[in-house]
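What follows is a single chain, given as structure tokens, in the form predicted on its own.
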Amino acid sequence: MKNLLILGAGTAGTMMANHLSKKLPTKEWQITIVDKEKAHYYQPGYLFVPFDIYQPEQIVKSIDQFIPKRVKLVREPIDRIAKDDNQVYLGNGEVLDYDLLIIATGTDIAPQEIEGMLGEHWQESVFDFYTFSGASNLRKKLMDWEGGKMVVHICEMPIKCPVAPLEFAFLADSFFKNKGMRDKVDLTFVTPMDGAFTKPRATKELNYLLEQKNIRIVPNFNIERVDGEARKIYDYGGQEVDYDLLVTVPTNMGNPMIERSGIGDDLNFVPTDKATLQSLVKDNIFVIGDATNVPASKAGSVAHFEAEILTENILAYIAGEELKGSFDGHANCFVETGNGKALLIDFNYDQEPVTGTFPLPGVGPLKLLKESKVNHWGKLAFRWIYWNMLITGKPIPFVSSAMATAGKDIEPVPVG
């Protein structure tokens, strides 16, 4: 009996457990998944919790109910990977042997990386919404907040779901309008990037929306420190921005276990072949989702597309064949723009977000890079798709792992 070990039972790890439990012979392979947590969170829902669109209890379920029966769930913290011995050490001292390892340990916020971010003001006047506790605490804060300077801020890239801070700013605009207090709130979007997003074509559209909603943008702000008492953030170039309420996306880092194992980069992400998803650390180690260092968005849709490619490549690896599955960096993300509307963007490593229709060429019903109410309802419907199809490894009709070009106004990819 051979052992396939999956580290992490979040979105990517659970999808791989479901995919491979249907593909690997039961008599030949034991599949084990390790995670210390008991709860599985629908992370796209964190965005909606502060604005009371979702209740906290609507975005959490038990990890156990999504793990296939033939897969052994080990609920322990992971201490480290001993790659040369093909072993994983757990927090309780137990050692797990493996023949094949999948790292799906994700990424988490690291507010301690920025001077002054943690302290008495953390979760009082400085909040995140990238964690369940952060989103829930911010929801309580916004219920009684009487207005002032709200700063929505990104510390550094890469971050999980890079459109989420923009969505937060747009939803905040709608939220305060609906409360009849928009004139009491000065909204500012502070980013280390040149503009609103990582892709120039989408940045143009999103910068326009920020301007239209009277949300000031401060670009190229590389934060040095937070002064919680003075309620200011400073960057290395001498800029400073005042706030009454700071909603920040702290530095995102991979699991500390990656550092203890000596296999990660400076942010604890694992060097990974961007096409095959095989690690550059050792041939029998594969990586998926936010744990990789591939130049794709750290988003649930990316992990979903990667899972289909990785399943194909793991089966090829076991059979001793060439890894032919090639991930193209496909990402597909709804962008809430407020007032019951949303954009949809679809892109990959080479192709910028473009206009067109999705998923059916010429039909849609979703419009790319255009605001619409249908896109908004598509975003809300994704919660059902996530719980019932995506995480259980079921194919989503008309949506392919590689970016389709039909029905899209594709632009030539620059050479070189």
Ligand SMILES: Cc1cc2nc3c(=O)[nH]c(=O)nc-3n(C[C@H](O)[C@H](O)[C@H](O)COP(=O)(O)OP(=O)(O)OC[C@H]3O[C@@H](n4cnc5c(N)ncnc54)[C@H](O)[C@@H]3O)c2cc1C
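All residue numbers are counted from 1 along the displayed sequence. It should be emphasised that the depicted structure is a prediction, and the values quoted were computed from it without experimental measurement.
Omitted here: the form predicted together with the named molecule. The next part is about that form.
**Student:** Counting heavy atoms only and using a 4.5 Å cut-off, do R139, N339 and K370 all touch the named molecule in the model of the complex?
**Tutor:** Spot residues vs the named molecule: no contact at all.
**Student:** Whether G264 contacts the named molecule in the model of the complex should be assessed with a 4.5 Å heavy atom distance threshold; does it?
**Tutor:** Looking in the model of the complex, residue contacts with the named molecule do not include G264, since no heavy atom lies within 4.5 Å.
**Student:** Consider M16 of the chain shown here, and say whether it contacts the named molecule in the model of the complex, taking contact as heavy atoms within 4.5 Å.
**Tutor:** Answer no; every heavy atom of M16 is more than 4.5 Å from the named molecule in the model of the complex.
**Student:** In the model of the complex, does D244 come within 4.5 Å of the named molecule, counting heavy atoms only?
**Tutor:** It does not: once the named molecule is placed as it appears in the model of the complex, D244 has no heavy atom within 4.5 Å of it.
**Student:** Do N375 and the named molecule come within 4.5 Å of each other in the model of the complex, heavy atoms counted?
**Tutor:** Because no heavy atom of N375 falls inside 4.5 Å of the named molecule in the model of the complex, the answer is no.
**Student:** Which of these residues, V151, A202, A296, M257, gets a heavy atom within 4.5 Å of the named molecule in the model of the complex?
**Tutor:** By the 4.5 Å heavy-atom cutoff, the listed residue in contact is M257.
**Student:** Can you pick out, from F327, F221, F129, F269, the residue that has a heavy atom within 4.5 Å of the named molecule in the model of the complex?
**Tutor:** Only one option qualifies, and that one is F129.
**Student:** Counting only non-hydrogen atoms, which stretch in 319-327, 119-127, 105-113, 235-243 is within 4.5 Å of the named molecule in the model of the complex?
**Tutor:** Correct option: 105-113.
**Student:** In the model of the complex, which residues of 1-17 put a heavy atom within 4.5 Å of the named molecule?
**Tutor:** In sequence order, G8, A9, G10, T11, A12, G13 come within 4.5 Å of the partner.
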